[in-house]
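Quick setup: one chain, the form predicted on its own, written in structure tokens, and binding and motion questions come after.
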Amino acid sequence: MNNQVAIVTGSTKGIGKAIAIKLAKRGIKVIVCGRSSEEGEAVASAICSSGGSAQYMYLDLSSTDSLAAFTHQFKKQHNRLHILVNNAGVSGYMGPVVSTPVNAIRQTFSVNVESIFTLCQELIPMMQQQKYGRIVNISSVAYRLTPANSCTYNMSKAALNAFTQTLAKEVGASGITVNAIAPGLVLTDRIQNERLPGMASKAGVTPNQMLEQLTKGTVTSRLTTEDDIAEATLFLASEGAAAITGQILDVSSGV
């Protein structure tokens, strides 16, 4: 995988950052993308300091102007692309269907579906020219668990999976594979520092007790980590996964 070029959206922190670092360790030049220039430059710098190759490029998936500027700049600076990891996404409006504003659906789909559609549409021709490419979309087990009060998110991930499977059939003959990874709850800093305390408070328990309950709810008796998702992404992006396409891979500790 040496000398390949990869784009990882939403890679200034969390799962995306773990994926960017994992790919860079295999000799891949990684384009770190996100809205925070400070965090993005820090990730790219850390990768380069450890012997890898990385470059930060600003990208706001909620802005069509930003998407256009990003793809234009990338194609101007690079004449090849081997791996596209569509990791960035939003949780969207949380609440029952009857009170969900229609605009909330549009906003969620704009980032979680439309932006990925646009990036693929703009960048796949580069992969087709070289007769090789790996596209990995980060979905969620929400597509099958469909938890209540998160309709916009659930719908967007189901749509992303349908897009993944449709696109795989269209570009397979060009040596391009398209797959999705569906994580469950991943123990990121944001989950530990923001979501876990809220969940614990709602359940009337401490954050540690909430963490124990969530762990017991898994088949493996362990929560999924950022590195678990990064490892799965690395595999699907490798030559070893050449015969795997159009698949939704749940990486959720059995949830």
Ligand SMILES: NC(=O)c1ccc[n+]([C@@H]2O[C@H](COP(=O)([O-])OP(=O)(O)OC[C@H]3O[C@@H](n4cnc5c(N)ncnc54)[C@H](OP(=O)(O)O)[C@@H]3O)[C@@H](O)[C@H]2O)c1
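Numbers follow the displayed sequence, beginning with 1. Owing to the predicted nature of the structure, the values given are computational and were not obtained by experimental measurement.
There is another form of this protein, the form predicted in complex with this ligand, and it is not shown here; the text below is about that form.
Notebook entry, point to check: Is there a non-hydrogen atom of residue 134 within 4.5 angstroms of a non-hydrogen atom of this ligand in the predicted bound form?
Noted result: No, residue 134 stays farther than 4.5 Å from this ligand in the predicted bound form.
Next item on the list: Please check if residue 87 has a heavy atom lying within 4.5 Å of any heavy atom of this ligand in the predicted bound form.
Entry: Residue 87 belongs to the contact set for this ligand.
Next item on the list: Would you check, heavy atoms only and a 4.5 Å threshold, whether residue 190 touches this ligand in the predicted bound form?
Entry: Residue-level check for residue 190: yes, a contact with this ligand.
Notebook entry, point to check: Wondering, does residue 15 line up within 4.5 Å of this ligand in the predicted bound form on heavy atoms?
Noted result: Contact check for residue 15: yes, within 4.5 Å of this ligand in the predicted bound form.
Next item on the list: Check, residue by residue, if 71, 179 and 234 all come within 4.5 Å of this ligand in the predicted bound form, counting heavy atoms only.
Entry: Zero of three within 4.5 Å in the predicted bound form.
Checklist line | Answer option from 120, 127, 111, 151, heavy atom within 4.5 Å of this ligand in the predicted bound form | finding: By the 4.5 Å heavy-atom cutoff, the listed residue in contact is 111.
Item checked: Which of 152-160, 74-82, 169-177, 95-103 lines the interface with this ligand in the predicted bound form (heavy atom within 4.5 Å) -> That would be 152-160.
Next item on the list: Determine the residues of 138-153 with a heavy atom within 4.5 Å of this ligand in the predicted bound form and present them in sequence order; the list may be empty.
Entry: Sequence-ordered list: 138, 139, 140, 153.
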